[in-house]
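One chain comes next, on its own, written as structure tokens: the form predicted on its own.
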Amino acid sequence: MLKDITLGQYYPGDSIIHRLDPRVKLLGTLVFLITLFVFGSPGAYVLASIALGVVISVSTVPFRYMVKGLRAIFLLMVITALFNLFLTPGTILFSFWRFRITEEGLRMAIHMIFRLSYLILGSSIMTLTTTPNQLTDGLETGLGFLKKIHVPVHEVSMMMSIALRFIPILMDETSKIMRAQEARGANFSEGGIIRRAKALVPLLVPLFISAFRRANDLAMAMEARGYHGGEGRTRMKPLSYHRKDMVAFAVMALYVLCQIGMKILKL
């Protein structure tokens, strides 16, 4: 399960998606996620599937590697679908005992499965093709206008970058702790859900200690290198838009126009 979490990991490559400006990828991901929740027709999902498939194929990231991220939220998707399926009022399609499946609930369950799946896949493409440093620069530059209203953009971007960078590190640390405790007789794979949850409790203390130790080491390293916030700092590689980025913006606009067309035509 822990190995299936791909969010925050970077897959090295030299594809067009890898070479795009991080601001373009951030905006593209945001636009894609917004269209998932604004346009919910079958045609909109078909168009989103085509766009997602094209981007995945161009990124050269193996599809099986990207789908691994869905395994980590499989239980969440099942629970969400069941809640929407049985608790949404509307036209009853089937009923048994105290449970009723409605047409609106079935439609909402399908929507949530598609939205959660595409949300994870869309976000994974961005993180798998963008280094943490590029994400930090893209966020800081893209949201630079918020500095005028005294929003600490650099600090927020730095925290998000560090959080993404720590996800795979903490997953590896958790795996090491689990293997060490299994060698001492702990069992994390047998029993019901409650028993497995109780078995994971002893992992929390060493994991928190390790996380705080790593955070303290990182803070000391940043202070030793003279880091005192983003004010007055410069970049070795300033971000700038190129022709490929303009083409990406045009494709993004075309995608939104097609989604709007689907909405108008009620496809």
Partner chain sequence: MGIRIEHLSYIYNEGTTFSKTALSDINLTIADGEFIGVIGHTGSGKSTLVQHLNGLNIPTSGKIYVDGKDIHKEKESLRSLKSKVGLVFQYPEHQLFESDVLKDVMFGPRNQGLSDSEAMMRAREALRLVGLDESVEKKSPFDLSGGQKRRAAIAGILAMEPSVLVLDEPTAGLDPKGRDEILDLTAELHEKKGISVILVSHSMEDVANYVSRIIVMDEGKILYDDTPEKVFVHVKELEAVGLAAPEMVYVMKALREEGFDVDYSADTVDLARREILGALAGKNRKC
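In this text, the rigid core denotes the largest set of C-alpha atoms whose superposition between the two forms falls within 1.5 Å. Positions refer to the first chain, counted from 1. If you're wondering where the values come from, they're calculated on a predicted model, not measured in any experiment.
The next section is about a form of this same protein that is not shown, the form predicted in complex with its partner chain.
- Across the options 237-245, 205-213, 25-33, 42-50, residues that bring heavy atoms within 4.5 Å of its partner chain in the model of the complex belong to 205-213.
- The closest non-hydrogen atom of Y255 lies beyond 4.5 Å of its partner chain in the model of the complex.
- Proximity of I149 to its partner chain in the model of the complex falls outside the 4.5 Å heavy atom cutoff.
- Proximity of R98 to its partner chain in the model of the complex falls outside the 4.5 Å heavy atom cutoff.
- A residue is said to contact a partner when one of its heavy atoms sits within 4.5 Å of a partner heavy atom; R71 fails this definition for its partner chain in the model of the complex, lying far away.
- Checking T141, T102, Q181, N84 for any heavy atom within 4.5 Å of its partner chain in the model of the complex turns up a single hit: Q181.
- Proximity to its partner chain in the model of the complex, defined as a heavy atom within 4.5 Å, singles out one entry of A186, L164, L116, M108, which is A186.
- With a cut-off of 2 Å and the rigid core superposed, L146 has a Cα displacement that falls short of the cut-off between the shown form and the other one.
- The rigid-core alignment places the CA of I177 2 Å or more apart between the shown form and the other one.
- With the core held fixed between the shown form and the other one, P132 has its Cα displaced by under 2 Å.
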